[in-house]
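In structure tokens, the next block holds one chain alone, the form predicted on its own.
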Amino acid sequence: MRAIVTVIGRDRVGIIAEVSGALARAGVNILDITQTVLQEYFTMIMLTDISGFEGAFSGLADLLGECGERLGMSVRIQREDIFEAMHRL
């Protein structure tokens, strides 16, 4: 199963390392990544394979939410099918 991870907030050192490390520890593989800095704001979107995560999807969402709190950023995850359905409307 694939999922989309979004990261938004003020730019600072270590964002990609923190988020990708949390995903790796959870058994999640990053398939594709795009990121940019708009003035002082960092934005990143990752396409991930979450089939290696052993647990409920809500647990992964909580883990990434905690990662976001540590960073002072918004870190969210959505299943790919839901993400696509939202953007078809």
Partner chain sequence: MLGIDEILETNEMIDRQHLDIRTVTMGISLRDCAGSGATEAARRIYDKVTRSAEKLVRVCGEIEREFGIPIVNKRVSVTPIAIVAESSGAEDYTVFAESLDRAARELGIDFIGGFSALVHKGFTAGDARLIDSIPRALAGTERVCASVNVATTRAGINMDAVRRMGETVKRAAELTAPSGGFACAKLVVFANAVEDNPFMAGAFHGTGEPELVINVGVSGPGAVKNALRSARGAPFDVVSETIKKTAFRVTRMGQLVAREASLRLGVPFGIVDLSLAPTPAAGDSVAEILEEMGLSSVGAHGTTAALALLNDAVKKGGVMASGHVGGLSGAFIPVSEDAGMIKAARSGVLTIEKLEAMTCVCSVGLDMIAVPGDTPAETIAAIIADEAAIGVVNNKTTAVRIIPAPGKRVGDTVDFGGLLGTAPVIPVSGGESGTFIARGGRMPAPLGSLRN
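Think of the rigid core as the biggest set of C-alphas that the two forms share within 1.5 Å after superposition. Model, not experiment: these values are computed from the prediction. Positions refer to the first chain, counted from 1.
Quick note: we don't show the form predicted together with the partner chain, though the next part is all about it.
In the predicted bound form, the partner chain sits within 4.5 Å of a heavy atom belonging to Ile45. Of the heavy atoms in Ser20, none are within 4.5 Å of the partner chain in the predicted bound form. Using a 4.5 angstroms limit between non-hydrogen atoms, Arg70 is distant from the partner chain in the predicted bound form. Contact annotation for Ser58: at least one heavy atom lies within 4.5 Å of the partner chain in the predicted bound form. Along 1 to 19, residues Ile4, Thr6, Ile8 each place a heavy atom within 4.5 Å of the partner chain in the predicted bound form. Relative to the superposed core, Ala56 undergoes a C-alpha shift smaller than 2 Å between the shown form and the other one. Fitting the two forms on the rigid core leaves the C-alpha of Leu38 displaced by at least 2 angstroms between the shown form and the other one.
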